[in-house]
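Listed next as structure tokens: two forms of one protein chain, kept apart as structure 1 and structure 2.
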Structure 1
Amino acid sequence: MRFELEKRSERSLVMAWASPVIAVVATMITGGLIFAILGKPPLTALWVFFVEPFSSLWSLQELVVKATPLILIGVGLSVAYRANVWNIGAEGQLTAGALAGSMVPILFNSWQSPLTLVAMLVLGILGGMIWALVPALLKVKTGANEILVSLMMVYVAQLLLDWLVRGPWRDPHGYNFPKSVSFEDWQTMPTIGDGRLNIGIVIAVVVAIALAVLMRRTIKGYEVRVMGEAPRAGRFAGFSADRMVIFVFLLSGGLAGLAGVIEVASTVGQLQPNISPGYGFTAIIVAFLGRLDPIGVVVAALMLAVSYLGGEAAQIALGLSDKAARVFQGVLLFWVLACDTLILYRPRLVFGTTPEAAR
């Protein structure tokens, strides 16, 4: 008996829709097994993990707050991956964006103007772009592998942040804690309602819609897809592979930077060594679960936000480690990738002789 793939004559539309759903169900089953191994009642744990985040207004708000950076980073990455350019350093670009945006409240603390926040957001985008430009330019100019360079830049950004909040940017009245000054009202994102919900989600959704239009309705979107799927054809059409690398890195890096500055200017409220629970990496899962489509990414980001919240809830209710959420996310990406095969292939178990034996 052996396992074989049979190529479908055309892309299965049913599977294109069904595969993320199958992946999520499979992840839940795997999760139940993991819970059972850890000695927790599987069904209760799954309930706490995946249903309770929807049970109260507070947690629904929190869901949206956590989805905001995932949407922003995820949509940028989805465009980059469509172009077959592998930016996996979004976590570093997020950090760089947070650093750049925080220059305003930390270095020009007294500047109070309606433009303060705008300046922070713009600087955040620029910070992320600059960080992303390093792997992009090195890729274009020298051919250095963008996967490895963008990942290395994550560590450099985090160490830079660590140095700044322990050194020059530390709050002088902060009892020596490695934290910057707390941001003032006018330096933080306006909230919606009286909870932690802020206008970041509006920005994220607008960006997602804009990128959906870009990918579906413009020449640029077409260029991205051609360069990703058939780079040779793209070159004959006069598209430049180098310019594409720069474009998608600037786009995805800028959006990661924006996500970073929104995080520090809302939920975190200051600079500190930890500003993100790995949003930049989780967004990679979001991009794939969302089928590398900006609108799909929005849905996927909400799902991954559930895993963060469910992880916190399970920690409180069941004494489950907060690491469980990370395991879930990894398992989910595995299932998503496995189920994507179903779109182009029909898996079959073949009984009988192997081709080697027949030969």
Structure 2
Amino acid sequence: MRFELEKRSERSLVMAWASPVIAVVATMITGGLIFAILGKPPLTALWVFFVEPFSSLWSLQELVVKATPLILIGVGLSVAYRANVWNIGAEGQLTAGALAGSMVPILFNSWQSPLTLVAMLVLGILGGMIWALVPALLKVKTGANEILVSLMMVYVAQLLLDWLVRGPWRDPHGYNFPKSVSFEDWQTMPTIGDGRLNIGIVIAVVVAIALAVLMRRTIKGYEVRVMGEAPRAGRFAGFSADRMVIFVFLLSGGLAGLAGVIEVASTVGQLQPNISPGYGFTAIIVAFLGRLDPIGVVVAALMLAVSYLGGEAAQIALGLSDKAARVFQGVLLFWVLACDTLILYRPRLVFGTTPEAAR
């Protein structure tokens, strides 16, 4: 007896869109079991984790703040994955964008004008693009695996950040703490209202809408879909696989870099050894939970932002580790992939031995 997955002749469109909902419900059930094993009351813990983030205006604002980088990175990754190109290094591209954009306030600290912020955002995009170009070119020129190369580049970027804030870019008046000078005035993102909500969310939503139009209404979007679903047909149509790899890496890397510079110019306010709680990796879950659709990614990013706020609330109310949010994100990714697998394949038990095994 053995267990096999048999490919379905066609997938159910209804189940394709219901799959994320099923995955979220399964994650909550699994989370309740985890809380029970840890000796925490499951219903109370789930309330703290999933409901408290919606309990006040401040919480809702924080939810949007945390969703902003997830939207920017997630929509870029959704396009790359639709093209069947696997950029796993968005966390490194986020860091590279933060470093490039921070050159302006660190090296030209007295420059204060609207152009200061524009220069920071443009440099952030370019920094992410340059960092993403390395795995793209290595894949195109040498056939190197983009998953491994882009992932290894994450650690290079993080070590570079750590060296800079402890060395050349350390604030001389910062009492020897590993951080850069604080960003001020036009070196920070303009806020909306009295909290930390800033115009980064406006940029993120505009980018998501633009990419939705690109994917649905343009030849380039059609090319992305064809190269992802039927690369052989794409080659017959004259589409270049190499150019597609470079395009989606530049796009996703640039948006990750933009997310990085927005993060350091808003919630962080300076460079320090840790500028991201793992947004680049969480955005991979966001992309799949959003069905690789830019508009779906916006909704999925808001859902995943709940895990960050819920994790912080759980630390205070339940005494859980700060890694609780990562556990929930990992469980959610497991259920998303499991549901997607069942959409494409039908499980079945096979009894007896195969002719190959008999020989």
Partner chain sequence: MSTDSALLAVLLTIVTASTPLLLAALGELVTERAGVLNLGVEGMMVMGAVAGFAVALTTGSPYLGIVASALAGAALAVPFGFLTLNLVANQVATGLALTLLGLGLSGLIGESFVGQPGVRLAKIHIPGLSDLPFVGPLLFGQDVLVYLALALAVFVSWGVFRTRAGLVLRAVGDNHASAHALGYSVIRVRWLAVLFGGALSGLGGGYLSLAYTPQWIENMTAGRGWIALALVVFSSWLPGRLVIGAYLFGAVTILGFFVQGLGVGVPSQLLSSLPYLVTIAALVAISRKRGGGGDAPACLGRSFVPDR
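By convention here, residues take numbers in order along the sequence of structure 1, the first being 1. In this text, the rigid core denotes the largest set of C-alpha atoms whose superposition between the two forms falls within 1.5 Å. Owing to the predicted nature of the structure, the values given are computational and were not obtained by experimental measurement.
- Here the chain coming from the form predicted on its own is structure 2, while structure 1 comes from the other form.
- After superposing the rigid core, the Cα of I343 is displaced by 2 Å or more between structures 1 and 2.
- Its Cα shifted by 5.1 Å between structures 1 and 2, K7 is reported here after superposition on the rigid core.
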